[in-house]
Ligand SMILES: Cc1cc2nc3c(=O)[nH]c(=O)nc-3n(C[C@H](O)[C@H](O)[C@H](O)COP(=O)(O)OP(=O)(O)OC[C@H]3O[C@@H](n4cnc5c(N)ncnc54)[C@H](O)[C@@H]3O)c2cc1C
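Single chain ahead, by itself, as C-alpha cells, in the form predicted on its own.
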C-alpha cells in the first residue's frame, strides 16, 4: 500500500514527488511513457517567465512569480542549469505601446520585480538584431531559461534519494475507490493500492478524471506548438528572451537563448484533436519563421539543426485547476498546467504538498536531503582532472559524440544511473550524445552498440525512445 501515487512524471509530477518526499510517506510516481519528462516537459519554450502575462489574481499569476524566485534555490540544491537572460517584450506601434504599459501595470500588480520600459536607442545596444520598426520594449530582468527535462530528472533523482519510487511504461487504465484508498490498474493487468492519488497527467489529466470524478470542472484542450532549433554556433545572436506583443493565441513566437548555446525559435499555436500528435508541419514551421522575422532581422535559419513539436495541456477552466476532488476524497487534480507551468512548477509542488498535508497529515522527515549531487560533463573539467579520470577508466578517453564531446564512460553511466535509460533518446536527454550539429548522424550507431553491450540486448531490441520503437528491425547484410 502506497500513501501517494502520483500519475505523471513531467515537471509537475516530479517536483511534487520531491516536495512530498520531505514527509514520512511511501510515494510512487507512474508514467505511461518510457521516461521521465516525455510529454509537455520535453517540448516547450524552456523559459522561466517573470509573471508579466497571467491575469492578476489567478493561480497562474501567483504561482508563476513565486516559482520564478524558487528556481534560484533549485539551482543551488539540485544543480540545475539556469541562464539568467532577462526578457524584452517588443513594441512596434503606438497601439503596442499602450499594450506595453498595460503589461507593465499587470507585471507590477503580480509582484514582478525590476520591471521597466526602455526606448529604441537603449534596445539597439542590448539587442542589435531586433527589427528596424521596434521602438520600445518592456524589460523583465527576472526572466530565466533552463532545460526543463533536466529539472525533472534532478527533482525525480532527489525524490528517489529521499525514498520515492518511479515506474515507467505504467499506463493507468482504471481507478477504483475503496474504503481504505484506491485500486489503480496498470496496463489493464497489474493493480496497485494507494491511500491517495495526485493526478498530474498533463494532457491526459482529464482522462484520469473520468475514471473517478466526472464532476471536476475542467477538460483538456490540446494545443500544439512547433519549434526550430538553431545550432549552438548562433550563440550571441540574441542575448535576451525576445517576445512579440501577446495575442489571443498566447505569448507569440519567441527567440530564446538556450543553456547550451542554441537559439530556440517558436512556438506556433494550434488546437489539435490528437493529444499525442507530435509531428511538425510545413504550415506550422512556416508560421514560426514568418512571425520570428517580425521581431528580429537576419535570423540564421540556415543553421537550423532540428525541428520539433510539443502539446500543451490548455483547459476549459481558464486557470490552473488544483483541487481535491469533491466527489472522491483523497484524489487531487493538478490539471490544465499550460504556460507558465514550467515556471510555476516548484511553487505548484509546494502548494499541492501544503494542501495534501493539511488534509492528510504526515510527519516531516528528520533526514530529508534536498541536495542532488552536481553532475559534471567530462568536457567541462580541467585537464588535470580529465587525466585523473582517464587513468582510472580509459573509457573516458573514447569520445563517442564528437559534436558535444561526450565520452563512452559518460554514456555507460547514463545507462546505469539512478534514472538510467536504455534508449537512444533517453541517453541524448541525459548526456547530450546526439544533441549537436549532426544530430546523432555520427554517434547514434555507436550509442546503439554501447546500450546493447551494457544491457545484453540484441541490437534489434534497442528502442529509439518509447517502448517498441527499435531503430533496427533485422539484419540485411550477411557474410557467407
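Residue numbers count along the first chain shown, from 1. All of these numbers come straight from a predicted model, not from anything done at the bench.
A second form of this protein, the form predicted together with the ligand, is not displayed here; the remarks below concern that form.
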Is the ligand in the predicted complex close enough to 67, 142 and 242 that every residue in that trio has a heavy atom within 4.5 angstroms of it?
no
Is residue 435 part of the interface with the ligand in the predicted complex - any heavy atom within 4.5 Å?
no
Indicate whether residue 227 is a 4.5 Å heavy atom neighbour of the ligand in the predicted complex.
yes
Quick check on residue 397: any heavy atom within 4.5 Å of the ligand in the predicted complex?
no
Should residue 312 be classed as touching the ligand in the predicted complex when contacts are defined as heavy atoms within 4.5 Å?
yes
Exactly one residue in 337, 90, 220, 255 has a non-hydrogen atom within 4.5 Å of the ligand in the predicted complex; which is it?
337
Of the options 136, 208, 234, 115, which one has a non-hydrogen atom that comes within 4.5 Å of the ligand in the predicted complex?
208
Per-stretch contact check against the ligand in the predicted complex, the hit in 28-36, 426-434, 447-455, 409-417 (non-hydrogen atom, 4.5 angstroms)
28-36
Only counting heavy atoms and a 4.5 Å limit, does any residue of 22-55 reach the ligand in the predicted complex, and if so which ones?
30, 31, 32, 33, 38, 39, 40, 41, 43, 44, 45, 46, 47, 49
